[in-house]
Every structure is written in C-alpha cells, then in structure tokens.
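This document starts with one chain, in the form predicted on its own, laid out as structure tokens.
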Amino acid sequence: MSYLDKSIEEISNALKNGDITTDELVKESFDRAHKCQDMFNSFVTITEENAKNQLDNLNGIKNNPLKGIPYAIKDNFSTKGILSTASSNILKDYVPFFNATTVNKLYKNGAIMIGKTVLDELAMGGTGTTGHTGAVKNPWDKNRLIGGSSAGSASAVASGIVPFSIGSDTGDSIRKPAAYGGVVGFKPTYGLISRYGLFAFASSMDHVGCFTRYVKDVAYVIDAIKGQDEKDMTSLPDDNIKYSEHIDGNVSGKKLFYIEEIVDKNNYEDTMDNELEQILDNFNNIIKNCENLGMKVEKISINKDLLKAIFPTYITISCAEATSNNSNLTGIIFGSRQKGASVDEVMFNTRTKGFSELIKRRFVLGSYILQKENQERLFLNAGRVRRLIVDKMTELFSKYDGMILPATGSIAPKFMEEVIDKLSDRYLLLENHMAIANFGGFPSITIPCGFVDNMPIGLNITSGIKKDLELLNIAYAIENTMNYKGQIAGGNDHE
C-alpha cells in the first residue's frame, strides 16, 4: 500500500521518520491526479506551480500532522493568483487577489494544495453534473454520478488522489457525495470554520467542511482550520481543544435516536425496491452495533408533514439567498463581460450567457420569492417552518447525543437514470433529511457503512450545536465496528 493511501497520522509519521519525502508524496498525488482526470474529471485546475512554491516554504513551518500532506479544495474557495471559477462560465477567467481563510490556515499548517475541484455550478445542485468543465464521475462506477455539489472533492478522496479535501455544504453537499463515494464527509457546527473567501450560496446555511477516508482524519483537518476569524462575523471563538487528541471511541452511555417515519419500510410500500430494502436492513444492523458499544438507540416520531416540508423550505430559502448573494455577477464588477449597447444590456447578456439553465431557473425562482408581494407568503413562511424544525431538533438534542439515519435512500444513480419523482415520500424523506443540519447549524457526518450492488452506502449522524467532538467520537466508535474505513475505489490500484 502506498503511503498516500494511509491515514493522516500514518502519513505524518512516515514523513517525520523519513520513510518517504514530501516531494515523493506530492509527486505521487499529482501523478494520480493527472491519471484520474480523464476518467473522473475531479479537477478544474491542477495546481503544480503553486505546489512548488509551497514545498519551497515548508522548512519554515512547524511540525504538525498536516505538514507535507497533499489536499484538494473545491473551486468555490478564493485562492490568490489561482483560477477560482465556482464551475461557472461567468467566472471561468476569475483569478482572486486573496485567499480564503481556510486556504491560509492550511498553508500555515504545511498542507500542499494539488488542485481546485469541480462542483455543481455556483454550488447549486446535488448531482456533480452541471459544472462548466463537465460532469464528475464516480470512481466506483464511471457510469454513475457521485453527487454534489462538492463532487470533485469527494471523488478526489474516493479515488485515492489525496487523503483529504475541502468542500462546502449548504443542504448535504459534502455528506451525500461522501455516501455515494464511500468516504467520510463532515459538516461542523455553523461558524466553527470561517466562511471568509467561500463564494456565498445561501449564507444562513453555508458551511465549510471536509472529506477524508478515516473519521479521525477529520479531527486533524478541523484542528487546523477551525477558530474565530475577524473577517467572518459569524465565526465562533475557538474552543482551543485539539479534537484529534480526544477521540478514544468510548461511547458507553451515549443516547441516539432515529426518526421512525424516515426508516419505516411501511412508509415506502409504493417505492420500495431492492436497493432501499438493503439500505434499511443495513441500518438496522448498525443500530445493533451501536447497542453493542453500550449506546442506547431509540426511535422517535415526528409529524410527517413537518418532514415533508424540509425540501420546499430548503428550496425557498436557498434560492432567495442565492439570488441576493449572486446579484454582483453582472459583468460590470464580476463575471465574464458580454457586449451590449447599454449597462442593462451588458448585464442581461452576461447573465444570460454566463449561467446554465438550472442556475437561471433558481435565480428566477429566488427573485419571485423575494418580491415584496410574495415575501410574507413564501420567504417568511419558509423561515417559520425552518424554525419549527430547528426547535424540534434542539429539543431532541437536549435529551439525546445524536440522531442516526441512512445518508441516502439509494446508491449513486446512473447518469441516464430516470429522476425520482420529487413528490414521492421516498424523495421527500430519505433524500432530504440531511438539510436539517443546515437549517440549525448542527454538526453532521456521513461515514461509509456497506455496499449495495457493489456501490458504497453511507450512515449519517447529527448532533447538537458545538457537539462536534462528541459527534466525531461517536462516528469513530461506529466506524470501528465495520470494515469500511480507508477504502479507495478500485482497491488501491494505481498501477
């Protein structure tokens, strides 16, 4: 096994012991990136020149677990002097003059950026197919998507190019691709990691997070990038706790719950198939594993109408916020300017040619929602429903240490597969519950938990605000009851 395939702790120790050099490790990562690019399309930009500069500056950086370790980052993070497109034609030539805070922190910790990864355009989407450079393919099966919007970041870890990557999560954009790609995906408490330099989608729900192949690796990454940032007024004071030093897998006495309406097979009589049945059976086995670890797992009931409201509430709020946040992409200040006889015509042509049909539909919907005559009925009502959901979850997290549910209701879909009816119970319940964590800013993690039809599936765990360390410890304990940590699509074969 290559050192690149090992955990962050193992790679760090190998570098310190001289078993491998940083140059060798980074070269192998670039070799894999180039080899896999044609197969999976993970990257918008592979940043070899930038990496050379970082390698030259490593001597001045103190030893820490991320020093010398390659990583990839979603292309909606600002990187000074490096193309940052958000996978949109309107920003296809945009090169920022500053780094996102997350980029600066990783630089100070000695991590080596090897590329900017493909996303759904402007991070709006869950398929990984709408980026301006093309669709991202799932390394487990190139005929299947890996999900989005953090598609390239997920595939770069799943294919073994890097041990960790950075993404953003507004509804499930890290955690669902993690499930489809057989890797770990973590979204922290809102504000734990600065969003300065992250291109805004829906600001009240945007989170910075990461992909890894081991739960404990998440802790090393979060240790490096968490903390208060004066450039982000929503960031939280650092708790000054090294998460990586406090994960021990001791979860005896912890209490978890799951929502009966989401996993009850009786609720899926009309949509039940072999995939869903295996996913639900797998979940029931995991509950037994949790109980064997000394945890108590209870089922609770939530009004089904409230659960069905998750998706429309998410769409209403996110489209409205996205329309406002992206109003500067006009070709006047930002964007690839198109010609026009007037300022209005320049803006009209720029936005018409610069955005895909999906994005334009979302902006039209967002504009409609924000119109004065519609705000009370649509936007403000969505906020009230969001509050009902968050209040219910906050009440539950005062009694329980976490919520445990299947991450998805299916394996990664094929590219040409018929889209699931968006009004079905299966779509509304099992495919959208992870947005709850974005509504309330709750920390949430997806870990690999098995295979169905030779494709990976995931388990999602969500905890209360600022319970990130406790959540990681629960996920670490559950991870150790299964044999899916550290897996790479293709069985570590990069020969």
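Note that this is a predicted model, so its numbers are computed, not measured. So that there is no doubt, residue numbering starts at 1 and follows the sequence shown.
The same protein has a further form, the form predicted together with a small molecule, not shown here; the description that follows concerns it.
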Answer option from Thr170, Thr408, Asn326, Asn138, heavy atom within 4.5 Å of the small molecule in the predicted complex:
Thr170
As a check of understanding, the residue in Val218, Met124, Ile114, Ile193 with any heavy atom within 4.5 Å of the small molecule in the predicted complex should be identified as Met124
Among 224-232, 152-160, 171-179, 250-258, which stretch has residues with heavy atoms no more than 4.5 Å from the small molecule in the predicted complex?
171-179
Since only the chain is shown here, I'm wondering whether Arg362 would be in contact with the small molecule in the predicted complex (any heavy atom pair within 4.5 Å).
yes
At 4.5 Å between heavy atoms, is Tyr314 in contact with the small molecule in the predicted complex?
yes
Please check if Phe283 has a heavy atom lying within 4.5 Å of any heavy atom of the small molecule in the predicted complex.
no
Contact label in the predicted complex: Phe355 to the small molecule, heavy atom within 4.5 Å:
no
